[in-house]
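Before any questions on how it binds or moves, here is one chain, the form predicted on its own, in structure tokens.
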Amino acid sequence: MPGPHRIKNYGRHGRGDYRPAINSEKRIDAAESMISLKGLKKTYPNGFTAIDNLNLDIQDGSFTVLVGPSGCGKTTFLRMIAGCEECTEGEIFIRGRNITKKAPGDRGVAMVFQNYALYPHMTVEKNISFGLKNYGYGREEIRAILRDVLELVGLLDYAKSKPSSLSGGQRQRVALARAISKSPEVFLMDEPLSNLDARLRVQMRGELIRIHQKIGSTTIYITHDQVEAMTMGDCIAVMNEGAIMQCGSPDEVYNNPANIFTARFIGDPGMNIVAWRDGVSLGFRSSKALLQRPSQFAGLTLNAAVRTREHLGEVYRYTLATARGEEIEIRNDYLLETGRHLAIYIRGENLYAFGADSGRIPTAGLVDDAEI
């Protein structure tokens, strides 16, 4: 039998009385990790390893965004938590329960897909209530849940509509309402906004943040769009080739990248990286590149030529080639002609340094007043 309905009191501080039947094993303190992944590995029969020794703790009530390039293992990661993919090695815990071998329906998770996965012949309310009936909810309880979740996603007036008559954003809200209605402990979202146009994506980002704040759910959200990750997540896990490269707040991964991959991937544009000496590389954000030498300057001077120019409205985006042929990008409101040669100045306090293994190293003493 299902646990008590909890849509209206689903805040992160108000879930202590909720005990669904599937959560009968020993629990851990709420201050500990909601989800703990230990040594996860996924190797397919053809020998390809999609996830390799992945360890990650996700806190209760957090909105964790897993971001990385296509093919880095994000979807495999999510499907392993959902139970749609078996683990080759490792264990998955939700609130201290080892759910590694549990069936998908017994894990207390709900998944929101990229393609909505709605039944086209069913109305909005039937799309939501269909799963609730299978869970054993009664008619009056389903009616109350429908009212709550449709009000939450702003679709009360569309209960009798079919998916074909809804916009892409409305269909995505139906998929969200269906997931919320099951009162899961964890929401898993696999690039749910990727099929929407740019303007609607921005609108739906705001809606997802609002809903998350309203219900206080633990959410894992997958995207390849680092701008989406920076604007939505309170925790970002940067992934590449089946491994977590860095995990932290948006501010941490942007301002304190642990390695070259994170530095280049996070930010719009990503960090510029140029070779220095003895295997060391230097990095800087495009916004820190100056076109005029400051007084009492101490830092790095780059000689470069303008390759391309794009007008973005308030600013121009330029790609430049350094004297050694490395490509960098800067943005400013100066009008520069393509082909022009110029010097770029980066103050020492705005430089990042990375060692031969691509890991972050201290910049102190590396650059005083140097030129490339």
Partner chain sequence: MSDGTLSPKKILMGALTAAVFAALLAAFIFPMFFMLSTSFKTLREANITPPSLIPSEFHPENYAAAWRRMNFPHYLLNSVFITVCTIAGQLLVCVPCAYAFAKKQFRFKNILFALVLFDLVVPAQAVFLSYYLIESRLGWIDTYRGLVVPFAYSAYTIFFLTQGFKTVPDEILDAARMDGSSEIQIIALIMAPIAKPVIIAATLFTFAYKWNDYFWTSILTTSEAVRTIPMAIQNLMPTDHTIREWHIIMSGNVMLFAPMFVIYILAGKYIKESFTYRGGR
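This structure is a prediction, so every number in the text was calculated from the model and none was measured. Numbering follows the first chain given and starts at 1. Take the two forms, superpose them, and find the largest set of C-alpha atoms that agree within 1.5 Å; that set is the rigid core.
The protein also exists as the form predicted together with its partner chain; that form is not presented, and the subsequent description refers to it.
Next on the checklist: residue 104 versus its partner chain, in the predicted bound form: is there a non-hydrogen atom within 4.5 Å?
Outcome noted: Contact check for residue 104: yes, within 4.5 Å of its partner chain in the predicted bound form.
Checklist entry - Looking at the partner-bound form in the predicted bound form, is residue 122 within 4.5 Å of its partner chain by any heavy atom? => result Residue-level check for residue 122: yes, a contact with its partner chain.
Item to check | 4.5 Å heavy atom contact, residue 115 to its partner chain in the predicted bound form | outcome: Yes, contact at 4.5 Å.
Checklist entry - Could you tell me if residue 84 has a non-hydrogen atom within 4.5 Å of its partner chain in the predicted bound form? => result Output for residue 84 is yes: heavy atoms within 4.5 Å of its partner chain.
Next on the checklist: Give me the residue from 182, 97, 74, 212 that has a heavy atom within 4.5 Å of its partner chain in the predicted bound form.
Outcome noted: It is 182 that has a heavy atom within 4.5 Å of the partner.
Next on the checklist: I need to confirm a contact call. Of 288, 79, 264, 224, which residue comes within 4.5 Å of its partner chain in the predicted bound form, counting heavy atoms only?
Outcome noted: Residue within 4.5 Å of the partner: 79.
Item to check | Proximity to its partner chain in the predicted bound form (heavy atom, within 4.5 Å), stretch among 256-264, 127-135, 142-150, 291-299 | outcome: After filtering at 4.5 Å, what remains is 127-135.
Checklist entry - Superposing on the rigid core, do we see a C-alpha displacement of 2 Å or more at residue 163 between this form and the one not shown? => result Yes, its C-alpha moves 2 Å or more.
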